[in-house]
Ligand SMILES: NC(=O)c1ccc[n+]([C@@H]2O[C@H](COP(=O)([O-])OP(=O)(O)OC[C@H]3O[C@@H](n4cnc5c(N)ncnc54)[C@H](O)[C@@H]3O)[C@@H](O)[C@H]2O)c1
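Below you will find one chain, with nothing else, as structure tokens; this is the form predicted on its own, and questions on how it binds or moves follow later.
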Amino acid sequence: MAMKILITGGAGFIGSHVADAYLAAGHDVVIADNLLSGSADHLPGDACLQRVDIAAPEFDLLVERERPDVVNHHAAQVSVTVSARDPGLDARINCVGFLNVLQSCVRHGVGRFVMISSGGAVYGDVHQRPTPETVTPQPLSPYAIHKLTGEHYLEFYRREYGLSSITLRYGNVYGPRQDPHGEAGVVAIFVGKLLRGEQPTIFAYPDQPAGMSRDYVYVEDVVRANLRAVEGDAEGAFNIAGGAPVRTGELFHAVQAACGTTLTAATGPARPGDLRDSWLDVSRAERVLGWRPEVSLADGLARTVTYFRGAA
């Protein structure tokens, strides 16, 4: 059944891919984005773009006018490093802005809410790996704290107002359209630097010289999870990730091979808020949503490099 879906942050890296998929599935898509990090160039011509900040009063007017059936909430401050440097900025977007979106949803009768959280951050350095959704999160950065706070608010809105909702806890998402010049998104940063002939940096703790482990998932796989999120009525949190740990040094060598270069990487100290290890259990998503990652790291990196070569 076709629905009207409002995507916050829909001009960004992941949100724009989700917009493509929703449109291809026959849904009516409205994009709410302030374009501070997103780009209108990412959007297909038949998407309706409204330039608005989620924390601004104008956002409520947009929801009142459009009356979407579903809100898919991708708008966020996504850098752990930035959140550690400026917790207030992170809170304004990821807490205050998020609450503004939720209030508009209940005020104007939105039927379902898809929240994007971070499995790569909210759990913290827990001992159980791969980490299932049943583990008690131990967030170690303002970004992770605020994302988890958002999940708690969402549960309140579900109980208090009956807002049907699902939370997708992403691993480390990579792929075409990711910002190669930002502070988040190591794959895009590595690819961008290597294609420009510059030396990337591998950040590592002294006792982990090969770098921190992360769970990488290709954006196309993430998009399929967002389709499943609006096709059913599943509730609660779901890990959406590749399901395997990859150390930063291993990732660099894989990117190096995909780029066909012999350039080496420098090393640097771990940054504030950096987790040592993150590896997610995706069995609940497979069991309940019928979702599992399908794109291998090698194939995903090859597609990503091809995109960035064409965009250069």
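All of these numbers come straight from a predicted model, not from anything done at the bench. Heads up: residue numbers just count along the shown sequence, starting at 1.
Note that the form predicted in complex with the named molecule isn't included here; everything after this is about it.
Each of 14, 76 and 170 is positioned with at least one heavy atom within 4.5 Å of the named molecule in the predicted bound form. The stretch from 248 to 256, 283 to 291, 269 to 277, 30 to 38 that comes within 4.5 Å of the named molecule in the predicted bound form, counting heavy atoms only, is 30 to 38. At a distance threshold of 4.5 angstroms between non-hydrogen atoms, residue 52 is in contact with the named molecule in the predicted bound form.
Using a 4.5 angstroms limit between non-hydrogen atoms, residue 143 touches the named molecule in the predicted bound form. Remark: residue 9 counts among the residues lining the named molecule in the predicted bound form, judged by a heavy atom distance of 4.5 Å or less. Among residues of the shown chain, residue 229 is not one whose heavy atoms approach the named molecule to within 4.5 Å in the predicted bound form. Of the candidates 165, 131, 83, 118, 118 is the one whose heavy atoms come within 4.5 Å of the named molecule in the predicted bound form; the others do not. Proximity to the named molecule in the predicted bound form, taken as a non-hydrogen atom within 4.5 angstroms, holds for one residue of 93, 223, 212, 237, which is 93.
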